[in-house]
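Take a look at this one chain, the form predicted on its own, written out in structure tokens.
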């Protein structure tokens, strides 16, 4: 039996837009285990990306709890949340969120700066960037990269701290079919090595890789 990485309990999240209350989630309950790849699917606006942000403590729920390795994430203060996020979670964002003032090398290095050994990560960065075929672009800035290259930089940044939990929001949205398969195969291999991998996707291709598909519909 796999160990539970994330447990979502009675999660409720609402937004207000144009004076209208929009209920994204209502008493949502989910569990995610280590050693599995999960595909999060559903129509546009169903809350796929919001769910990733809530799990990653980038947004707060209105009600409910999210347990990360049995720690209630929203009972922690901001500093404790930051430490938990940095230690346990790697993010691959849909819009990359690369720092435009940093080159590829420094963007990947960024999540390591809270680690005591951050100055000695050069070999790991070289190894990762070779794997994702961006090792020749280390001194380039995000604006000098294609969308696919920026996505691969974002993936390397997510993996540099060897996180136990990987949250990926449309990680292959800007990649061709060949590179999409490479990335999804890599994420699948990470899950086989014991990681909890959660992938938001609008593409049915994720069904070929996921151990479980979670289809969000009307907040449940």
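Residue numbers count along the first chain shown, from 1. Keep in mind that this is a model prediction, so the values were computed, not measured.
Below: the form predicted together with a small molecule, not depicted.
For the three residues 184, 203 and 208, a heavy atom within 4.5 Å of the small molecule turns up in the predicted bound form in no case.
Residue heavy atoms within 4.5 Å of the small molecule in the predicted bound form occur in exactly one stretch of 189-197, 36-44, 160-168, 173-181, and that stretch is 36-44. Within 4.5 Å of some heavy atom of the small molecule in the predicted bound form lies at least one heavy atom of residue 22.
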